[in-house]
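Read the single chain below, which is given as C-alpha cells and is the form predicted alone.
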Amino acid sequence: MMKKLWTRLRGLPQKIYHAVKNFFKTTSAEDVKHFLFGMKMTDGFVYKLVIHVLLISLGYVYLYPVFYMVITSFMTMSDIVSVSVRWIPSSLNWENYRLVWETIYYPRALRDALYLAFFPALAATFSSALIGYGFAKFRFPFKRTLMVLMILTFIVPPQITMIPTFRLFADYGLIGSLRAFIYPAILGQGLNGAIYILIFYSFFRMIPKSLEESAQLDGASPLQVFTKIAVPLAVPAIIIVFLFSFVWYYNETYLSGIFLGYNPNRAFDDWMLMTLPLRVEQFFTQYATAFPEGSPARELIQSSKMAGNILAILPLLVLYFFTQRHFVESIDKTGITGE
C-alpha cells in the first residue's frame, strides 16, 4: 500500500507539469486575460485573490488578540515562565477564571453592568428617534444652527467638557447614580448621541411624504404619524442605535469612572454601581497591590487579566451571536442616505 502511494506521489509533479503545459497550449491569450482579470476587472482571478488576501489579513488582525487572550487565560504559572510553551498550554487551567469570578462577584457585577447599559441605551434610542424625526420632517427657526450644534457635541472631545459637566452633576446630586447617564440620554446628549440622531435623521428622510400626508388626511396628529407610521418603519434603525448605544455604555470606562465615583482601592465588599470593565480593572489594581513584583503569584497576573477580559467581553459576544442576523440586515437598510 505504501509502495503504491509513493508511486502516485512520485508521478504527481510530472502530471502537474503536463497539465499546465496542455492548458497553455490549448488556451488563447484572450482566455488567459479573461481568467485573470474577468470581464469588468471585478470577476477575475486577480481581483478575487486580492480581496481574499485582504479579508484574511484583516481577519488575522482582529482575531489574533482574541486568540491570544483565550490561550493565555488558560495558562498556569509554569506555562507562562516556560520558553517552550507559546500557543498550546500544557493543561486548561480554570483557576484564573475562578479567581476573577469569585473576587469580583461576577453574577452581581454582570447584573449591574447590564443595568447600567440597558436603561441609558433605551433612553438614548427613544430620544434620538424623536429628535431625528423632528429634524427630518419639520421646519423651524434655526434648524441648521441646531444641527451644527448637535454635531459639535460629537466633534468636541468629552474631556474638554468633563470638568463643567462634573460640577453640574455634582450640584444636582447625580454623581454615583445611574441618573448621570439616563438624564443626558433622555435629552439626546448621551454617549455619542449625535451619531444616533443622524442615523434616525437619515432613515426618516427616506420615508415617502405620501404616507404621512395620507395619515394626516385621515385625521392623524403629528405624534400619531410618528408612533404609528414612522416608528414601525424605523425598526432597522432602532435595532442599530440600541445595539450601538448598549455596547458603548457597556464598554465605557472613562466617563463611567468619573460620574460613578470609581475608586480602584475600594474593597469589593463595599459594593458600588460600576461597569464590568471597571470592576475587572479594579481587580487588576488590587491584585498587583497585594502581590508586588518578585512574588510567585505575581506571575499569574497576566493570565488572570486575560481571564477577566474574556469574562468582560463574553456578554457582548453572546449578544452579537443572537442578534447578528438582525444587526447585519439593519446595517444594510440604514446605510442608505435619504435624498
Partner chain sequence: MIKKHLERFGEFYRQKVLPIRDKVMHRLTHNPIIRSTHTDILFFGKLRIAITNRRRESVVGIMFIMLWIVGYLVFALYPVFNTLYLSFHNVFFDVGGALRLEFVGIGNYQAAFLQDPYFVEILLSYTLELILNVPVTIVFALIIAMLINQNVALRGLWRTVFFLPVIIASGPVIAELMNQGATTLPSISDYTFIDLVINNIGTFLANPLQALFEQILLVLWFAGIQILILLAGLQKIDKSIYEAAQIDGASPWETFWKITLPSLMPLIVVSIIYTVVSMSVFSLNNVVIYIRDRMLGQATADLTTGYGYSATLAWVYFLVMAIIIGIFVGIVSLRGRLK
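The structure displayed is predicted, hence computed values, not measured ones. C-alpha atoms forming the largest set that superposes within 1.5 Å between two forms make up the rigid core. Positions refer to the first chain, counted from 1.
This protein has a second form, the form predicted together with the partner chain, left out of what is shown; the following refers to that one.
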Residue stretch of 92 to 100, 138 to 146, 106 to 114, 232 to 240 approaching the partner chain in the model of the complex, non-hydrogen atom distance within 4.5 Å: 138 to 146
Heavy atom of each of Ile131, Gly134 and Ile258 within 4.5 Å of the partner chain in the model of the complex: yes
Contact residue in the model of the complex, chosen from Thr76, Ser202, Ser177, Thr153 - any heavy atom within 4.5 Å of the partner chain: Thr153
In the model of the complex, the one of Leu217, Ile163, Ile88, Leu211 near the partner chain [non-hydrogen atom within 4.5 angstroms]: Ile163
Any non-hydrogen atom of Met274 within 4.5 angstroms of the partner chain in the model of the complex: no
Contact label in the model of the complex: Gln286 to the partner chain, heavy atom within 4.5 Å: no
Contact label in the model of the complex: Gly173 to the partner chain, heavy atom within 4.5 Å: no
The partner chain contact in the model of the complex: Tyr320, any heavy atom under 4.5 Å: yes
Partner contacts for 242 to 261, taking the partner chain in the model of the complex and a 4.5 Å heavy atom cut-off: Phe244, Val247, Trp248, Asn251, Thr253, Tyr254, Ile258
Threshold 2 Å Cα movement between this form and the one not shown for Val66, core superposed: no
Core-aligned C-alpha movement of Leu314 between this form and the one not shown, 2 Å or more: no
